[in-house]
Every structure is written in structure tokens, then in C-alpha cells.
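One chain comes next, on its own, written out as C-alpha cells in the form predicted alone.
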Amino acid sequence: MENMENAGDEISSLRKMIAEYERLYRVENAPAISDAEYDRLLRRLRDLEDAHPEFYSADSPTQKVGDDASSGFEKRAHLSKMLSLDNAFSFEDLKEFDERLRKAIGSSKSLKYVVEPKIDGAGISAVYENGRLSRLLTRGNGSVGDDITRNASVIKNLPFELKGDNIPEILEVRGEAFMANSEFDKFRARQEAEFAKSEQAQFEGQEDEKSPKKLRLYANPRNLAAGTLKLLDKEILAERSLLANFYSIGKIEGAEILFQSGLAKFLKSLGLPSVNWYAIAFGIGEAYQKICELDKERGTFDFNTDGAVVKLDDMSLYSLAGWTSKFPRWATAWKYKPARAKVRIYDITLQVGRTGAITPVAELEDAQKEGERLPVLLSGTNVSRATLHNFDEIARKDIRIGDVAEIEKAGEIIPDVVRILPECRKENSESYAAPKYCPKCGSSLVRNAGEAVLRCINPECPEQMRRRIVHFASRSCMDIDGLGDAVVSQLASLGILKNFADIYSLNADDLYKIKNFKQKSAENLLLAIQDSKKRDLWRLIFGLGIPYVGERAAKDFALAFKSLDSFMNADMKALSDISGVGERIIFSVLQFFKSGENLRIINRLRESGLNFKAEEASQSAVFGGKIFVLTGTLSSMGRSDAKRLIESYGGRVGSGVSKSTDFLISASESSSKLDRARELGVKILSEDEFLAMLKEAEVSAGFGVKSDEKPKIAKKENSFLQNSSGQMSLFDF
């Protein structure tokens, strides 16, 4: 029984962990772990679920396709499901795939396969009706994807009309959108130059309204391609250039394709880009040989590949082979081992986060050039540092200063120390001892129960406070434009900013001490600081940097306690009465307000005139205490404006539809949230119905959102515009 309980706990933990990694990878385009580590976690989860079928769940990451849906785009259903691929990591995995497939189709003979490169891009599905592109979708959740047709022109080799004599009436074709490596290199060079230029302009007070506030430096072409497909800004979109490569058919009417080996030729005859490298293999052994041949050649391609795809050639057998809820049974993806390099760990440095968490970082040099402090080239980039996560990880891998190690950088993210090479270890090597004191302030470090990290709990720690100041001023908190990391670092090093209460004592003379900071920049920053005093209470609570208190919890606290003083004086019972607030958050809040230094900072904020009270929400009969979820793109306002209005009238906004959801505001014809709402019987509101509710609440209550903060509600217009010939066009906006 105990083993079953442990397995259940691990399964639950893995599902949550993998779901978050999926979200970061597919929605944020910011992977947090390597592909190899993700695959390892998924295999572990699958093994546990196989051993304990009593914990089966259709919502498990092993049973469903990851969802890349995002706000800003209409959701459209695929004509046929757009599934993912199962993975093979060894020849034994390939043989098991082959055996399962032969059993499913009832064949004792060797099967004919096609081997193709697996492009590391963003999945897309294009639908052509009578030869014209009617829509372009992302993979979404496999059943429903984001309609990105308006961004189709960014894919430079995607035809809007098919050519040839054998054009199908309906053609749903699947593939990858990607940015060529050569194009990515040029893009990164331009972006880095623009970033340096905009920072210099900010310091010199020469920035204008078009100057970028913050540039995101994409780590690899895959992330940039996925982000580009979801852009809403036409000017930025015009500067990007992607390519597409199609390799499979979803639905087809008016033509017939019998073999996968003939698909590339057929697609090219229509003017569609398709694979330039593929190999036919008779039997799984020969397929493996072709995989090895591709591995030697893929380095010459101008796009990234992270594997090979093995497909049954005879497409007439696909329906006989069948599908799982997540994968087709007639294809599998071979994952190449990620690139590795040998490095020497010449030092382990310590970083202090805003909550006091101490993160160890390995400082690396090329193992072949000891003492020269030269980075090692890995996957096209120079690597000189790698996070070691926490001190338990250091002890588990027995990582020591001076060790030679192998690092891995799959997915082009922050590299990971895979293993230490003990045969290269020096005789006088000593085990690494976890620190006892903060490297920045010298305070004793503590380790909370159930945590793997050491923390500095000194509220006056200069590095911790510097990071807290940056957080306090960030857009998601007090939104002080112009007070970013670079400016805060300079003011902190000059001794002008010691904590975030000091922000409200800044004057022009202080700001002129910043290198190249001119009058215009100083005036703008002082105005932004003054304006921040009026921010909502929840922003102030979030900005205080209480460990474990995120945006959602900050809003819940502001709604429940109405003022910062009431929140500060709340006891354990009052805090525990708030839905969704667990013991860890409660303990953290109580400890935070016991600190004399924290209280002194808060009193200074009070003296500076910051808003300490929540704006009274009109608890309308419709909105008060109700939970709303949004899906699709509203034509009258942005999602953030809708969220703010709902909360101003006492409602809450959830991220997903559940039994506790009261209303789904739907601006989409089809979406997974819409399906879920219908399944649970949740009330579904059209945009017009939602606007009518807002009007009713405003009239009856007489207040809510301040008049000068109300979002402008745009008139509804047709999504498609007319071109010069008067015809409706999908591509004129």
C-alpha cells in the first residue's frame, strides 16, 4: 500500500512538472530543461503509469498532445487530428516499434519504411480548398489549433495558390515552420545591435516612442519561429522570414497518395515545399542504417534537426495500424543524442535571488586548454557557465572544483553538467562543501523544510534587495518604466538605492549620477515613479516580494483584506480562509511581516503616499464572487482589459474551465475550453452578452473601474478587409 501511495504521489508530481515544462516550451517558447531531460521525465511517468494502471488519467501528458494555444488568435478545428510522434532512443526501441506495427497489420514479412529528417521547428497545418489557401493553423491540442492565417506571408516559401494539373479539391497538409540557421544568425546580430543601441539611447535620454522597451534574445531558431507565428505586430512581422517544409497529409479529397515515398514529389508538383532528403529502407535494420547516414549529413543542412522520422511507406495500411490518443502507430521519431563537450569546472560561484535563494553556477573552460579560461564550442555557441541547480545536486553527482565534466546543451538552452569524469580528477581534489554564509552579505544561510535550496533570510542583503527592487519596479508589479536592471544596478552601486522605498526619495541630481543619463530620461523616470503611487493594492502586495506570493495570490489577498494594513495584521486563521492559499504561503506571509526591516520599508512607502487600499469593487449580482474564463480574441478590447473589468466588479478570472467556473466568455467558434464548458454545463457568453453584462453592472453600481482607466471598446469590424478589386482577402491586414 505504501508503494502504491508513493507511486501515486510521484505520478501526480511528474504530471504537474511535465505540464509546466510543456507550457514553457510550446506557449512561452522558452524551454526550461533539455529535450533529453524532458524525455527522461516522460519515460519515467509512462513506466509508472504502466505499472499502476489504477492511476490512469486521460489528461496525463502521456495520453494527450501538448497544447500551444495562446490568446490573440481564433481557434479552429483541424479537419483531421494533428498528433505527435512517439520516440525511439535505441535500436531495441526501433525493433519494438517494428514488432508492434507488424502485429497490428498482420504481417510476418519485413516492412518498407521511409526515413526523413525531423526538423526542429513549429508544427503547422495548411488547408487548401480548390487550390487556394483557406487557413493556416498551429498544432494546438491536436484537435483545435490557433488560426494564424493572417501571418501566413511571413513563411516565404508558402504558396497562397497551388499549381499543376492534379490539384485536390481539399488538401490538409502538415509540416514545420522554421527559420534557417543562416537567417537566425543575421537576426540575432541585428537584434543584439539594436539592443545595445536602445540601451545607449535610454542612458543618453534620446529614446523616442518607437524605441524598444525590452528585447527578447531568442536562444535558437525553433523558439524564434514559434514566437514569430504568434506575432500580432505587423511591423515586427515584416522584418521576419520563415520557411516551411511539409511531410504529411491530414485530409485529401480529389487526389490519392498511396506511398509516403512519393509524397515529397507530389507536394512539390503542387508548388509546396517538402523534404529534400529521404531514404527508403526495407526492414527496421536498414531503417536504422539510414538513420545513421542522416546523422552524418544533417550537419550540412541550413536548419536544425533533432532526430529522424521512420514512417511506414504503404499509406493504405495506416488505418489498419491505427492511432493512440497521442501518436500514430505507423510512425516513430528517432531522437539523436544531444551534443556533448568536455569542460573543466575551474570554479563554482553563487548567485543570490530576490527571495534569498542561493544558486550554484559552474564556471567552465575548454578542458583541452586548462588555465586559459576559454569557453567551449557546443551546438554552435560558446559555453562558459552552467547552472548546478542546488547543493543536493552537487552532492549527488559529486561535482568538485577542478573536475573534468561532460556538458550537454540539447534544445540550445542553458547547458547541464551531465556527468563527471572521475578518471580525470586530480589527487588533491576535495568534495565541495555547501556554503554556510551568504556570499553577498555574510548572513547565515537556512534551509526550509521540504526545500532543496539554501536561502539568505537577511532582508538587508544588498544583492537580494537589488533583485527585489527590479521586481518591485517591473511591469507586472509597480510598472515604473525606465527603472530596469541596468539603472537599478548603477543606483545601487552608488549607494543611492538600498531598498525599494528609496525609489520614492530619488531626485534629478541622483539620476544625473548615472552614466550618460540626461535630462529627458530623468524627467520621464521621475514622472513614472510619481505615477506608480496610484497603482492597485494587489500590485503593491506582489511587488513586496513575499516568497511564494505570486500575482494570483496577491489579487486574492487584496480582494479579501481590502487594505495592506489588514493584510499585514491577518492571523493564520484569516489567511487560511482564503481559497487556494496553502500552508507554505501562509507561513511565508507571517514570517515576512515579522521582520522589522520589512515593516520599516513598508512604513516608508506609506509616508511616500503609495496607495494602501484596494479600489472598492462593485459586487454586482452577476460578477460578484463569480469565476470567468476567456477563450478566443475579443474584438472590443484586449484580454488584459477584460480581465481588469471583471475583477473591478468583484469577479475572478480563471485560466482553465473546471466545475467551479461560472461563465466562459467565448469569442471562438471552437476551442478545447468551449468543448469543456459544454461538457460541464458551464454558462457560455458571447462577446455581446459579456458587454451587456458590463453595461448592466456599471449602470446599477455607478462605479467600478475609474473612468480614466476604462479600456476603449472598439467597434466590431469584419476580420477580413476588401482589396482594391472589392474582393474579401485574408492577407490584406
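All of these numbers come straight from a predicted model, not from anything done at the bench. Don't overthink the numbering: it's just position in the shown sequence, from 1.
Unshown form predicted together with 2-(butylsulfanyl)adenosine (IVH); subsequent notes refer to it.
Remark: residue 83 counts among the residues lining 2-(butylsulfanyl)adenosine (IVH) in the model of the complex, judged by a heavy atom distance of 4.5 Å or less.
Contact between residue 500 and 2-(butylsulfanyl)adenosine (IVH) in the model of the complex is not found at the 4.5 Å heavy atom cutoff. Contact annotation: residue 478 falls outside 4.5 Å of 2-(butylsulfanyl)adenosine (IVH) in the model of the complex, judged by heavy atom distances. Interface residue remark: residue 521 is not counted as part of the site for 2-(butylsulfanyl)adenosine (IVH) in the model of the complex, having no heavy atom within 4.5 Å.
Only one of 360, 117, 168, 142 comes within 4.5 Å of 2-(butylsulfanyl)adenosine (IVH) in the model of the complex through a heavy atom, and that residue is 117. Among 343, 465, 126, 309, the residue placing a heavy atom within 4.5 Å of 2-(butylsulfanyl)adenosine (IVH) in the model of the complex is 309.
Judged by heavy atoms within 4.5 Å of 2-(butylsulfanyl)adenosine (IVH) in the model of the complex, the contact stretch among the candidates 84-92, 509-517, 393-401, 544-552 is 84-92.
Against 2-(butylsulfanyl)adenosine (IVH) in the model of the complex, the set 22, 178 and 223 makes no contact: no member has a heavy atom within 4.5 Å.
Residues 311, 328, 330 are the ones in 310-347 with at least one heavy atom within 4.5 Å of 2-(butylsulfanyl)adenosine (IVH) in the model of the complex, listed in sequence order.
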